[in-house]
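Take a look at this single chain, the form predicted alone, given in structure tokens.
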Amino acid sequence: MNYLLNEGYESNIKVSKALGSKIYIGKKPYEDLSYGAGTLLLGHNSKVYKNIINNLKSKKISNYAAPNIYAERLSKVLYNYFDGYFKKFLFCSTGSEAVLKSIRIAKAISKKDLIVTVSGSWHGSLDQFLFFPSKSMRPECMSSGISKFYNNNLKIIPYNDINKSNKILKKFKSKIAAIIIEPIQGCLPTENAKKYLLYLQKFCDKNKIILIFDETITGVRTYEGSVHKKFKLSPSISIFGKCIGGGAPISVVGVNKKFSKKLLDLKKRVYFGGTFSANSTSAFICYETINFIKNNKKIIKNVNLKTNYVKKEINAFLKKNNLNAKVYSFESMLRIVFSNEEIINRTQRDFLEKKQDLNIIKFKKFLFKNNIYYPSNGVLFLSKDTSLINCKHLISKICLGLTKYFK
């Protein structure tokens, strides 16, 4: 089972610029299916982004490494955006840093070290989470340089499998500080996880375990604002990033009212400092981006409609031609799974796709030759700038490539 990114055809790619739906490699334009790994909901170098940068310059904003009005304003707009659910917001530079700080909060409040993660979730290249599950769901290390402490204090449960997850969680429930999960995963984006997420919430509530939703991808990109709002769930802590910053390097940890109070009640405070944490530049760009998206929700609706159109057209073609692949999606996040069997999590996906590894590489190379950039991690995004003509072109070339390699 290979949990490392296959960068075969990408190893010599160097992007020089980008505009709208295109990235440029040298002077050649490529239709982008990554958009900054899901960061650029509004497209590359959008008018919105350019206006924000111009405003940034006119206001003479700099990095003060000190409390600033822009981080304060951002906290207020986020409080309203999530309907007052989160009482405290922490600002970080990356999603990985946000995960690290959320785990620190969980351990400080619970006074426990054991963390449970869910197979298929990606929480950045942190030592705590560079593990994949063995067949028996034991954590297997992905990288050199990882302390045994993290191996000994991590358990993995299978995504979307309530029975197997329950057996593991019941065994360790008194030792668990937190369960962290990507509620909707890039490895298999589907709305069928709602029942599983509700199970985790009830288990955590019953056993006083902190539940962390890593919504680095789905935060703001989801029409309702987040998966927890869409499904009416109640995580203790949520993490947001990527498109929330509109292209700026920023991520956010939101702590709900109950656990914000518990943080304040700790005898020894939890340290969250950092030179670029809540820096005014990123905070200003994020604030302006959130306000724009909040006031123009139809953008998300339109991107979702285009995504659903691409998914339906390709899946109809696959079914008609009996090809061994299927497209999954959650709102504007897509993934082609190279198997037509019904799949519930990444473990099943990896097992079924394993025999197709060479064809998957050939398929990506085929699209690249046809001026389509297909990201190595396989998580696909559309943006506001992906036009209907772009969609039809993508459908045509993707279907042709799938016909060539997945009969």
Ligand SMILES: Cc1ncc(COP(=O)(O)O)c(C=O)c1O
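This is a predicted model, so every value here is computed, not measured. Numbering starts at 1 and runs along the sequence shown.
Heads up, the form predicted together with this ligand isn't pictured, but that's what we're talking about next.
At the 4.5 Å threshold, heavy atoms of Lys242 reach this ligand in the model of the complex. Mapping the unseen interface onto this chain, Glu331 falls outside it, with no heavy atom inside 4.5 Å of this ligand in the model of the complex. Glu182 belongs to the set of residues with a heavy atom inside 4.5 Å of this ligand in the model of the complex. When contacts are judged by a 4.5 Å heavy atom cut-off, Gly95 counts as touching this ligand in the model of the complex. Residues placing heavy atoms within 4.5 Å of this ligand in the model of the complex fall in a single listed stretch, namely 119-127, out of 169-177, 100-108, 142-150, 119-127. Note on the partner interface in the model of the complex: the residue among Ile212, Val252, Ile217, Leu74 having a heavy atom within 4.5 angstroms of this ligand is Ile217. Contact annotation for 293-326: no residue has a non-hydrogen atom within 4.5 angstroms of this ligand in the model of the complex.
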